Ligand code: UD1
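As a starting point, one isolated chain is supplied in structure tokens, in the form predicted alone.
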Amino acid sequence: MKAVILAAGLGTRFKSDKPKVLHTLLGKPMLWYVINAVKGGGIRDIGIVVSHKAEEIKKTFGDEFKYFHQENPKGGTADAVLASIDFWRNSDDYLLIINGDSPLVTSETIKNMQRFLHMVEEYEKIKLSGVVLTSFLQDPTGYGRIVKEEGTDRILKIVEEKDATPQERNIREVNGGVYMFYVPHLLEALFKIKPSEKTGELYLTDAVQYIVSKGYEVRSFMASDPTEIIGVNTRWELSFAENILRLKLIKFWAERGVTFHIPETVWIEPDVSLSKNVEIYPSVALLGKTKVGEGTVIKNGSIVENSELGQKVVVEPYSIIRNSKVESEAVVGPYAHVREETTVGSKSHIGNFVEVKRSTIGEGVKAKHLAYIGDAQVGDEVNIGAGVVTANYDGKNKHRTVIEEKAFVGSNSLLIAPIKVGRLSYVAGGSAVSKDIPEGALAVERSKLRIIEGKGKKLLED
């Protein structure tokens, strides 16, 4: 089976210069979800019909797929399918047709539609001409209505809302925009149907009525979840669909042993991976290809992006971890920032208002307050005092700081890179150090304290 994804719509109701199908839900383009559903349904030969800013779509999804250009994006869904005719016309199989703005359709539904076709053929000895995904909606406004033979799942026709009679508008079973057509019958129908008298569009739904009129059978397949058929035509519908996807992801992980506290506030993206006994607190954002180990706790307002957290890590409130790795039993935060290719070793503590960038932090390191560690290699059991700064940039180039194991760097010290602080060495608080410190040495760099009697009072009173 081949698949054609219709992604040529102008999306005028989006009021956007960007193609509608490239608008994102949970960090992924809308079309990404449709492609994934099709692939997950076992279909690998995929054509995408494009029109408006086609090059942007091609650039986003690459050359894995075949692209077909619809000359008139207002020509209608049947016209869009005809644009891809060279891709499927010689097939003697079924063709999946799905709208590119249907991100809630699941791969399981696509698999089940295929099974349904085979079961009807096997047990009823009928080769269906088509199957259409449908659902019942309390408010069917905006959707095509499914007109069926009474008491059966045989579809007689699909009526677009703008063409429906008052009686047809009362029908609550609606078209989900996912079709599987037997190619020879679809091909004949597409060349026989006529444009709508009201809009001038060629409707794919009219192919159903034509196929039925020739004595063939098209049946409905009910979506297991009514939300699957929801299309995205406006920014508000985008938000609605995004929220459904988010809650589905949270439910997926909750059923696998993850605790979400106030889940309606949590942001989670599709490539995130969570282990059992993870706890996620309110207003947390988990982005990109983040991976979280068993027993880890991520507290209020924290952001973790494209990072790996080991087992029993604690991320204290309002911390940010990006493109980094935090090993088991480490503590990050509160209000810490770990970024760009940093590794924090096990049982280390990166604390209040500490920023770490492009650094390797060993095991059992303590940097609990107000420090900046950039382009550094910090050994095991090092203590970084409050206010410590590794001065890694000279205005042109970045330089490395090496602090070997069990060294102590006192509060408000400045380490001017490139520099090496030896094992078990001690940097006295308030020192500005620009030379390497040997193993076991004490480094003190301070000007002599001067106390001038009465001068302070005079300055304050002047």
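Being a predicted model, the structure only gives us computed values, none of them experimental. In this text, residue numbers run from 1 along the sequence as written.
Not pictured, yet referred to below: the form predicted in complex with this ligand.
- Just one of 251, 235, 74, 261 comes within 4.5 Å of this ligand in the predicted bound form, counting any heavy atom, and that one is 74.
- Taking 351, 144, 130, 374 one by one, only a single residue has any non-hydrogen atom within 4.5 Å of this ligand in the predicted bound form, and it is 144.
- Just one listed stretch, out of 100-108, 387-395, 186-194, 365-373, contacts this ligand in the predicted bound form at the 4.5 Å heavy atom level, and that stretch is 100-108.
- A residue is said to contact a partner when one of its heavy atoms sits within 4.5 Å of a partner heavy atom; residue 231 meets this definition for this ligand in the predicted bound form.
- This ligand in the predicted bound form is not approached by residue 3, whose heavy atoms all lie more than 4.5 angstroms from it.
- Although the partner is absent here, residue 9 lies within 4.5 Å of this ligand in the predicted bound form, judged by heavy atoms.
- At the 4.5 Å threshold, heavy atoms of residue 425 stay clear of this ligand in the predicted bound form, well away from it.
- Contact check at 4.5 Å (heavy atoms) against this ligand in the predicted bound form: none of 275, 278 and 325 pass.
- Taking this ligand as positioned in the predicted bound form, none of the residues of 434-459 brings a heavy atom within 4.5 Å of it.
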